[in-house]
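Shown here is one chain on its own, the form predicted on its own, set out as structure tokens.
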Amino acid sequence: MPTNKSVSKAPITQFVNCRILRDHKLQREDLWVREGRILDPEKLFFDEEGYADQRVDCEGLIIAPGFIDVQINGGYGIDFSQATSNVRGGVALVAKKILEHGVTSFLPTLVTSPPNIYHKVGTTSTPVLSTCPFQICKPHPPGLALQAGCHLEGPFISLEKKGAHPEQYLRSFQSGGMLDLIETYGTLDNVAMVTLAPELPNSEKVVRELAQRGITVSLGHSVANLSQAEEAVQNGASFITHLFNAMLPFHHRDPGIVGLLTSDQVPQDRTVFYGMIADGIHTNSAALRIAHRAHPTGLVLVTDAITAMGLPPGRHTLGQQVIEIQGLHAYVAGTKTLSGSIATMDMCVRHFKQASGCSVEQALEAASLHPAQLLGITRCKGTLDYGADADLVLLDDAINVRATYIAGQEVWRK
């Protein structure tokens, strides 16, 4: 290592010839990284008299924060809702493969399942999140995207809007709330998000308790009207699961959950975020544009990807259901009920930009900054601010992923 007066002996990497996404715009400046975190070059130069030990020529590419997928059911033959003999191995496989699509953090998502599935999968997944969201700032497993806790989608959802969720395992809050959750899930130690229907009796207590524990509450698979949705937000809910899908359609007299995007009953210090599956199938481009123009800072791109992502057409599983892939569509076998997607996150970013007409910066932030804000982890994820983790994705102008870095180390390159 060359002589370097920096206070740390750790090597410093300088990314040059790049455009970095910072403060909502692409800026032509270098990015400096040491010990897995982004450095303030001014402090490095003037306080430490340090300089780079190695340089990475980005050849004019964009550097954005690594993508964060808060709703992914599996992929590459792995179904997170199946209690296999090697749950950790399955999660690790997906965590490796999604790097090529720019994803550096994700929430493995479990659809409605019997309690024994939650108990086995939940207790065998490596705990990352408990009550402190900043535990996520600990180092990643080497060469893998970070499992940032689980997203439990169901079983406390509406029968009428169950979608692909198996009816026989749906539950209500019969015991008054949290007891039902513990009986069903077994533990909340590794849970980052729960999707539920706010119109279910006793849901108010559950929303408040989950929010107090630092768990993100999402509204989805629901027939809630607007006032019920607003009450849930006032109690602590902050997300909408796959907007427009599995909820009452927008109506001018009662817009339902969709109305949260422009509601004046949302507390002023709160933001309601909403997930969009921008795969060109789940949501018409006009509907996507309506949502984005109504509430651009709340849009969070999700894949809702299932086992078949990265696999050829055919029959696969989603929890307890058999899913059939026809072209780019994923259906519950024998029906025309959509059941997740086979889209990758970079595909969703590209389609969102094309369909909405938004800027490159807005498209990239919908997959990085916004999900980090939703989860309350912007201190270390979702930005290129000084001190943040150096989880990076390098992209060309067409938003094709060219390389992915975790903690400043290259983990995938095209």
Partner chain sequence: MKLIILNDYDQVGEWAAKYIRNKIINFNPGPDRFFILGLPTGGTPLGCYKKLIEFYKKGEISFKYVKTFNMDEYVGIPRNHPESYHSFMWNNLFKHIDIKSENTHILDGNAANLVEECDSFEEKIKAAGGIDLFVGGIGPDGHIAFNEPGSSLLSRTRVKTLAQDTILANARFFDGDLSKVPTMALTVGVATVMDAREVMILITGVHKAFALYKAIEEGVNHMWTVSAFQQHPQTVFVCDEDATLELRVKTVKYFRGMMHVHNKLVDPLPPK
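Residue numbers count along the first chain shown, from 1. Bear in mind the structure is a predicted one, so any value in this text is a computation, not a measurement.
This protein has a second form, the form predicted together with the partner chain, left out of what is shown; the following refers to that one.
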**Prompt:** Pick from 64 to 72, 342 to 350, 42 to 50, 374 to 382: which stretch has non-hydrogen atoms within 4.5 Å of the partner chain in the model of the complex?
**Reply:** 42 to 50
**Message:** Residue-level question: is E35 within 4.5 Å of the partner chain in the model of the complex, judged on heavy atoms?
**Reply:** no
**Prompt:** Contact between E361 and the partner chain in the model of the complex at 4.5 Å, heavy atoms?
**Reply:** no
